[in-house]
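Have a look below at one chain only, the form predicted on its own, in structure tokens format.
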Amino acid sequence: MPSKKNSDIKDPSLAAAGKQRIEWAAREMPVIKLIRDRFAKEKPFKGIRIVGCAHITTETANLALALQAGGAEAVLCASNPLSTQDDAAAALVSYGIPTYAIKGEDQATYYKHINAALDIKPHLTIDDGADLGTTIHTKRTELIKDVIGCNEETTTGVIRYRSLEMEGKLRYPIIAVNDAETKHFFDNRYGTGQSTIDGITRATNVLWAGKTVVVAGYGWCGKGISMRAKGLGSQVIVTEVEPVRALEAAMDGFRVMPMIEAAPQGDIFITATGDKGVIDKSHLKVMKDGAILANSGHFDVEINISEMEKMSTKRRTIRTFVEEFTVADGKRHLYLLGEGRLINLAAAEGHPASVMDMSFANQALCLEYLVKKRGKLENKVYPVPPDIDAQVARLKLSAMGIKIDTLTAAQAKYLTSWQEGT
């Protein structure tokens, strides 16, 4: 067991409770279990140091344990100041996985934890938002020579790494795990959809039926949120900047309009764009009394909180994870959830384990792939290899007891030939 100085967590006495919840999550993560069992036999990460900058949850713990079983020296730090589950962090330390994460840590502590984790000089990294990789590329460049590659878990991080690549500054290969079909189709749509609604409900105890819900962004996360809000009886408005996504939202049965038109109508606002200032001063000025604002994008920049502060005379915490802003005229109150950070992790438990099973199966197998391809990949952002994506899907189907058809030889030949026609 690592000593206390090798970790920074809230309370080691929470470990027992954390272990029970990690075991509970494992029941819904059969694919990770299969991978963990194989890793334990084959030891693909023997002698490999891995740093994971991720949401420190029970699901992440099961991924870390699979890597540890595969021979890795694994260290974890938080990828978001409010997403850490302190009991899971304590349990990870008790399992011998140094962890630097405390729910509610300030920004200085957040980056202190990232740097502490990086002190092991990783060969592989797992990133969720690219803060780990950005730190390596700017302030810890001495580590680059040892890095084989990195997996990026979320949309925002993939965007940042692609920007690095376009500028010619990317120093090691990245696998965009977020873009795997078995990740974004399920994790982003079903996971974010359910967990976002869950987080807002836990924080506010609002009735969704009859509410007007404004969803900013109609990517996979926005689609999932819109679907779940509609299922609970809400009237959903979608705001978008991409014409194809806006058209899709309209054809899915949602009202589509600019945010400035939606702002006076909405009861609940949920951002899921990955961009900044999506809800800005002009929108805040026309929102109705009692409007609830939540973010489900990765960083806390989508809602302009500084403008909320400037236009308010009073700010107070009225419920856990609910801050009330009294607007200067005294006639309106706006409610910000979870400090504008990821509401599904700030006020709830994040995605259900069965969804994260697929995401983290991709993570585990892509890390193994990076080790096998050591020295053979360019400094580029790569997609998840199709065979890994398909393998995860097959394993998940098998775990669910679902069988599917296979192509006959004649069918396979027909699909790859041009000779046959009408």
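Note that residue numbering follows the sequence shown and begins at 1. Values in this document were obtained by computation on a predicted structure and should not be read as measured data.
The same protein also has a form predicted in complex with adenine (ADE), omitted here; what follows describes it.
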Among 384-392, 349-357, 64-72, 364-372, which stretch sits within 4.5 Å of adenine (ADE) in the predicted complex, heavy atoms only? 349-357
Among the candidates L345, A180, L284, V238, the residue which, in the predicted complex, approaches adenine (ADE) to within 4.5 Å (heavy atoms): L345
Contacts from 34-61 to adenine (ADE) in the predicted complex (any heavy atom within 4.5 Å), listed N to C, are H55, T57, E59, T60
